[in-house]
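As a starting point, one isolated chain is supplied in structure tokens, in the form predicted on its own.
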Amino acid sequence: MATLNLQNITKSFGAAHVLHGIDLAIKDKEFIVFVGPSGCGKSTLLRIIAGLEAATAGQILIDGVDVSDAAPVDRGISMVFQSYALYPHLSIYENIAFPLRVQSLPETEVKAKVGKAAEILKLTDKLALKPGQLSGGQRQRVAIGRSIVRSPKIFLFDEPLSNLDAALRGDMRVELSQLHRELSATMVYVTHDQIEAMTMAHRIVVLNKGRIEQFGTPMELYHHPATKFVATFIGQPNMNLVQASVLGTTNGLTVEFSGGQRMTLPVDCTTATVGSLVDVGIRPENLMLGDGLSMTVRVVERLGGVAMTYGDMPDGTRICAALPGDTPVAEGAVVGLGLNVADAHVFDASGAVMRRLNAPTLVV
């Protein structure tokens, strides 16, 4: 397949600056996911890679070759869109074969390529049908098959699962991950769904306002977010942020919360100053009933194995705890929440993280 390098990519639409100096190196056979909120520039960046949009400045290199000015067809890429864009009057066979017909390939080669793609995607028994006779997931597989037969260097996916229901999205995530392994392909995938990003990606690009906030493995972003934005974007449910004041910086960061609770957190606090305010980030799954923070329970969602417990701290700060499903908590009750201080994240006034000293060792 191929490597992909983006060098100082910028994009402006008149006075509106959408992308700001994007630098990115994607390895051969990696599955990379662009994730971020709506309007962060992820789809624009994908379209620039595909050649459907021209970058204002910067270079795009595929296998070390500058393709910045090359037409989409000459870049060796294939793109799967959110819309299936299938021809309703053509059979599944002819929909998959369409790009090969455009190239005027011999029928024997067309048959072989379509047959192989159909086998990979489990569509062999559907080739005589029309798109209207298939489910949404099957139609998306047909669109992927149309990309496979082109034997591209790089596959690009622009939110391909967003039109599917939740159960089918889960199934298709598994299928796409398996497809990546079978094809040993370089894939770049855009989504706003961080669950898709966490479950499929080798590495994730978190974009915010046209800039890369962080680029790393899913667990690197989960355990070592570089900024408050990444910390609150990655993880489901979102990380809790509780403001605290700094009391001391000896042997860890000692903080006091608005309710008077104090904790000493094992983080690199060389940049902290006594009296300053910080945000302490606590993931819901790291909270348990115990001494520490206080919460008045507003809502309990029992999902079987977990009870998502939402409430308010004394100062009105909203907080969520993912407790065991049978935990005896009731709406309106005041409960104490404890945590292992090694699990806490701390962010300064600029949103930058203070490095955790006892974070889990990452497994590559």
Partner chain sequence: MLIDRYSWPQKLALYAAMAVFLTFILLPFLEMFRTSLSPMSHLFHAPYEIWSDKFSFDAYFAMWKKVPLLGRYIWNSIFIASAVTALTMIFVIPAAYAYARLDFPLKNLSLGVFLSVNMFTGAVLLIPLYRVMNTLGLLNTYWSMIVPGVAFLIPTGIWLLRSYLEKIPRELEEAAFMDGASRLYTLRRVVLPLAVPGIMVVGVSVFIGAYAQQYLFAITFNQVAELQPLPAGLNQFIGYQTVEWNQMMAAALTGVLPVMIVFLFLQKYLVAGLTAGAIKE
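In this text, the rigid core denotes the largest set of C-alpha atoms whose superposition between the two forms falls within 1.5 Å. Given the structure is predicted, the values throughout are model-derived calculations rather than measurements. Positions refer to the first chain, counted from 1.
The discussion below concerns the form predicted together with the partner chain, not included here.
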*Selected contact from Ser78, Asn208, Asn286, Gln214, since only one has a non-hydrogen atom within 4.5 angstroms of the partner chain in the predicted bound form*: Ser78
*asked:* I need to confirm a contact call. Of Gly170, Gly136, Gly248, Pro72, which residue comes within 4.5 Å of the partner chain in the predicted bound form, counting heavy atoms only?
replied: Pro72
*Is there any non-hydrogen atom of Leu52 lying within 4.5 Å of the partner chain in the predicted bound form?*
yes
_the partner chain contact in the predicted bound form: Pro99, any heavy atom under 4.5 Å_ = yes
*Find out whether any non-hydrogen atom of Glu119 is located within 4.5 angstroms of the partner chain in the predicted bound form, and reply yes or no.*
no
*Looking in the predicted bound form, any heavy atom of Thr199 within 4.5 Å of the partner chain?*
no
*Of these, 80-88, 252-260, 175-183, 217-225, which stretch puts a heavy atom within 4.5 angstroms of the partner chain in the predicted bound form?*
80-88
*Listed by sequence position, which residues of 182-207 have a non-hydrogen atom within 4.5 angstroms of the partner chain in the predicted bound form?*
none
*Inspect the rigid-core superposition and answer whether the C-alpha of His192 shifts by 2 angstroms or more between the shown form and the other one.*
no
*With both forms fit on the core, has Arg262 moved 2 Å or more by CA between the shown form and the other one?*
no
*Is it true that Gly235 shifts between the shown form and the other one by 2 Å or more at the Cα, once the core is aligned?*
no
